[in-house]
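A lone chain, given as structure tokens: the form predicted alone.
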């Protein structure tokens, strides 16, 4: 999508479609609708009086040949109640406009920039438009590839004098941030959407390597032999049942002024280790899953994809902090070589683990990846994983569960989630839960039973972080949407990328 700024007046803007927003109760005289010429607002007032225009959130009203405008069409999208205005709402409104207009064969739209929201609203609008222009239909032979928005015009001609003083460079930087973050999410969505006969550990490693090369990141991939030689026994236990060899992907980002960063604040001198579960297909292994919905287990690498998306974004936005991403990639398959319930495996840390359920495999691959991240120098650990179905029982498909030993870093993640509009919520990690995954024959059991399953799974992972500050994101419910939204296609979401990018960009601020 090509993104441009145009400062000519809204009345004189020649565009196939101009999109404006209006709040509930006064949709014709609020939001960016109030920037329209009087004759245009007069028609909107008539529609409001007739009950055809309310301004309720995501309500769309399309006018052809609108009076007072050079635009061929005017689309007013309802912004809901004024007091609920937010960055997340702007993102959704822009996404809804994009999907509405492209479904009607348009390839270009103009978005009236809201001076009240400043640069943040520009960033959110660009992000929303690019996310809204995505569909998970790559393999449809009769797809909608021709239904795309090729050009997004950010129309600043209606800004009030005070808002117009916003430096154009700040506007451009905001639009660029929105583009980078949205494209990173769409990269994640592409990876998660791939069928598992293509998305093998080898293919995921290839995609990671290509992304790293494109954006100037250092990438190294450990193969099966090196995984075994380095005694990553928990990862190897999961991998041994598959014909597809496992990979451990390691990508590094270092800021250009590395020497200065090392002597800066404690936050920026940290080395952030991002670890993402990369199980490219999860049958459950010997403890095999039910057939119903097993096809969705191609998404079990969404945590790993999320971390790759974050690395793509920060390579372009260049935060002043050192970051590494590790993605342990494998399949979990039943075979004559597969690990079995009752087996005892030795993790890279030296801790032994008795296997009670081979479908509790994600915590095993994360255990070794966290240990290896510490060995590589990570001083803060953040992992993301489609770890448990239990988290969806607690929080549904709307909110990510957040866990961690270190309250300071948990709070940092939650603050970034709030700033970006992503829904995340903290769940407890109390010592009493440790009793549930103790074992008589090994140091740990790989499952703590049904009750508190999201908590005990997270805490099991945290055992391998040890004293290192650690935060765990369980994205099992939020990595995918089975419901089409006005602003987002059904399918993978890219959830978590905005939060983590915001966190990394704002460390030390």
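As the structure is a prediction and not an experimental result, all values here were calculated from the model. Numbering follows the first chain given and starts at 1.
If you look for the form predicted in complex with a small molecule, you will not find it shown, but the lines that follow are about it.
Asks: I'd like to check something about residue 387: if you look in the model of the complex, is any of its heavy atoms closer than or equal to 4.5 Å to a heavy atom of the small molecule?
Replies: Yes.
Asks: Quick check on residue 300: any heavy atom within 4.5 Å of the small molecule in the model of the complex?
Replies: Taking the distances in the model of the complex, the answer for residue 300 is yes, it comes within 4.5 Å of the small molecule.
Asks: Is residue 359 close enough to the small molecule in the model of the complex to count, meaning some heavy atom within 4.5 Å?
Replies: Answer yes; at least one heavy atom of residue 359 falls within 4.5 Å of the small molecule in the model of the complex.
Asks: Report whether the minimum heavy atom distance between residue 465 and the small molecule in the model of the complex is within 4.5 Å.
Replies: Although the small molecule is absent here, residue 465 would stay clear of it in the model of the complex, with no heavy atoms inside 4.5 Å.
Asks: I need the one stretch from 172-180, 75-83, 351-359, 94-102 whose residues put non-hydrogen atoms within 4.5 angstroms of the small molecule in the model of the complex.
Replies: It is the stretch 351-359.
Asks: Could you check which residue among 461, 473, 476, 33 gets a heavy atom within 4.5 Å of the small molecule in the model of the complex?
Replies: Flagged contact: 476.
Asks: Sort through 368, 127, 114, 282 and report the residue having a heavy atom within 4.5 Å of the small molecule in the model of the complex.
Replies: Selected option: 282.
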